[in-house]
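Same chain, two versions here, written out as structure tokens and called structure 1 and structure 2.
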Structure 1
Amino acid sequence: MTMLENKPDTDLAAEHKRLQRRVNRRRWLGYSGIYVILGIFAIAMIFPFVYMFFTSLKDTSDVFTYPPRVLPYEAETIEVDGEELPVFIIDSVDGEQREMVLVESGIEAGLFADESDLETTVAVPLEFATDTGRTVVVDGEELPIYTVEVAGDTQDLVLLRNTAVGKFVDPDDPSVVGYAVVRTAEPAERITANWGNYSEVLGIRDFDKSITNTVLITVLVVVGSLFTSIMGGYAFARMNFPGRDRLFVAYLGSIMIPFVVLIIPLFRLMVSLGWVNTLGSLVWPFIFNAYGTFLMRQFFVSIPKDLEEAAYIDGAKRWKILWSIFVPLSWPAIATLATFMFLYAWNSFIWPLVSINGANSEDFVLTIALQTLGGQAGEGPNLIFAAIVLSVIIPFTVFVFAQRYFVENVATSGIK
């Protein structure tokens, strides 16, 4: 009985399991498709930064190689008898390719080739070649034929011309030697990290000062704009005064006006106030922010009125209500606005380009310093890239800690 009853059950369970497995398999197939597409885009997004980081660790000699490579390399050296000797990849006399060090250069040698294939040449010191006395005519020129030791055996080869080679020795086994033209020998390389680029870039053109300037400006703009936005947002959200709604519409409209319309008059204003080429011109105009006021107003409107009415009846002043009730409740909106203003102040370019470009480099901000550095033909990409790394460290760090708010900032601007 029990068996009869159980049988369909186990069947059903097995069927269910099989189906489940199939669904799971299909789901994972779909997942891996998604991961592949997202992964490709992620690589496209991240590759320039990986390239940036590794290039910032390159030696100047390593920057202009072809084919281009991501990782930083340096010429390998080995210490032999207290001397740092460069290592090359050489065909040793026994015909094997090894990493060897250069011990002697300027050895008289000949460039030899087979009579039938004059393109493939080999450089061999003359002491390993003996003149056969025979000659051959190539392109109307009479060339001698030598008996040459190549890779362990002897061959009769044509001497094309005289040259000089270096003598290379395997550092592990000094009995193994090889000869090659030093100029064209392939140097052995190892991965390196030239952190010196960073100290160098901090020293040139006041780049360190640009960083502290940018930090200071950003802090002032963020704090200042938060203050005015919170005050203004509260007034628009909660207080009635004549012309409020018209003023608010004007604020909203101002968000639509592109900044380029304001550049010239704002620049003239800076000139007449004597602020041009000073850091003040990057701070004061930007602590009054229509977008921030709008954002704070939208958040304050959503806070229930009961909360403040209770406090109001207790005789609390508006000022106190704002800072002790509204602000603590609005941290998400404030943090979002702060990240927005942070990126805005940190990355602004066209305005500093106009307003402080004439200043001396002590007053530069990062974007201008980078632009100037990037424009100097003399500076290698490794130094420029070290500067870029320095300029992104702080935003990246802030992003890691405040990622939620960065994304929220985007999300709230989308709701608008």
Structure 2
Amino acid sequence: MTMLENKPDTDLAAEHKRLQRRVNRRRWLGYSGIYVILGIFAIAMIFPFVYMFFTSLKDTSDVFTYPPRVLPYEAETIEVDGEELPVFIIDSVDGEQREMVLVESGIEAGLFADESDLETTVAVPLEFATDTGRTVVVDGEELPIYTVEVAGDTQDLVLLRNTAVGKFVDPDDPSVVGYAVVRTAEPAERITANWGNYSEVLGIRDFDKSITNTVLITVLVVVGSLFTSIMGGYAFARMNFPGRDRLFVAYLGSIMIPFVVLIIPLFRLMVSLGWVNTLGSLVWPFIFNAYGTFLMRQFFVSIPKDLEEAAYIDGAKRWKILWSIFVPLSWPAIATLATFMFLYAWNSFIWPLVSINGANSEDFVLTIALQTLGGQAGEGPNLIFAAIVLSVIIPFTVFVFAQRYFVENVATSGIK
């Protein structure tokens, strides 16, 4: 007999519970590790988009702040005697840090430090320092020692060099003053959001017109390609005609031809039709899509023929069968194709760059407008980021709403 068989039932139950707790603990630790790793990767993927969005809300000066900051900040100001003055964080003469405003600059001062710690310096007006007559040698240089009042305490400090400081006062209590080098004084800041960047970027070289053009072209390409792909897919899937399979293979083989090979003949065709430098050249070539026809054909083939035969018996024609039976059953494939075509039309760059004249900004699309904006607003990265956010938000929203159908199409693609 085994050891477990010799134990009483109560001991066996306790042993079983201990083993179960151990298994649950290991499982919990394993899941926790997986979620931690996935969370780190998710943060790494999301962070660039978060930084892009917050940078689009910054002022130009805040963009170039070092070290870089994620959130947008702006300098605080306060109205004093009808004038807006910047606010600084200054050590007052009583040793407390306060928010103060600059009332006087160019005051003669000295940069003082303790003999034992020359790295930590303090700027004090010379009128508050008294020469002791003593000196100290620092790096082979003889420097004077002054008696200086710092934060209410009197100290003997070494004068490293002369400088100029500004006089700051507490706006709530003008009797409280402080002195600091204006150039290195720390400004008081608060988190803000400069939404005006978006309205400003929309006014740069018809950027708003580029958004309108892109939306129009994308809608026409998506609707047109869906219509032709549904019609072509149904014809290749359900209609029998001579040479159907050979024609489908030839049509499908056009997918393997790189688009760069087609640019020159396609451009010559647009020249012959007089469509160069028009929005039509960005729509018509992409309405007929071999990939979309293939996708819809494969989905239509999986639909049982019994449904089609039953509709025939009831007197329905092919047009009625297509739009009343096949299309409603094919929403996952239609949504997938619409998403792909939307992203392709929205992000198209090479063909608009070739077919639209660079001087014709009224017919620009977003990709070309962003390239142009990079040169015009090169010194304002916040405006460039604002333009990128405007160009990303629409496809991002479309993908979020369409991903359910996309996943459903992938999940059901192997089911017969």
Partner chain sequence: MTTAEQTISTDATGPTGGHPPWLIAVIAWQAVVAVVAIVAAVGLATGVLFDFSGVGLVVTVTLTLGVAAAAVYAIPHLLAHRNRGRSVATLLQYTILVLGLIAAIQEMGLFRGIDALASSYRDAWYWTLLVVLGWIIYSQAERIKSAEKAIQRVGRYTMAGGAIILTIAVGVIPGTIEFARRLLDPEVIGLTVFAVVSGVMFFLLRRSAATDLFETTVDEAEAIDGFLFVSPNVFGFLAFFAFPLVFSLFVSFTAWDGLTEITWLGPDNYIKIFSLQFASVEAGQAASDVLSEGYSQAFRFGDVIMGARDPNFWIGMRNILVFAFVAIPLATFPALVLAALLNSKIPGMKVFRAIYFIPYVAGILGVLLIWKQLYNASIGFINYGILRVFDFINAIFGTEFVAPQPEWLSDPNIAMWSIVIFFAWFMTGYNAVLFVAGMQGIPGSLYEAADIDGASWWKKFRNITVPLLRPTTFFVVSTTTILGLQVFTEPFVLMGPQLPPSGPGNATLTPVVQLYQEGFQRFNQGYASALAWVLFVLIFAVTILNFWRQRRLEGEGVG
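None of these values were measured; they are calculated from a predicted model. We call the rigid core the largest set of C-alpha positions that still match within 1.5 Å between the two forms. Structure 1 provides the reference sequence; residues are numbered from 1 along it.
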Structure number, where the criterion is the form predicted alone: 2
For Phe300, state whether the C-alpha moves by 2 Å or more between structures 1 and 2 after rigid core superposition. no
After a rigid core superposition, would you say the CA of Trp346 moves by 2 angstroms or more between structures 1 and 2, or not? no
Please say whether, between structures 1 and 2, the C-alpha of Val222 moves by 2 Å or more once the core is aligned. no
Quote the shift of the Cα of Leu160 between structures 1 and 2 to one decimal place in Å, the two forms being superposed on the rigid core. 6.2
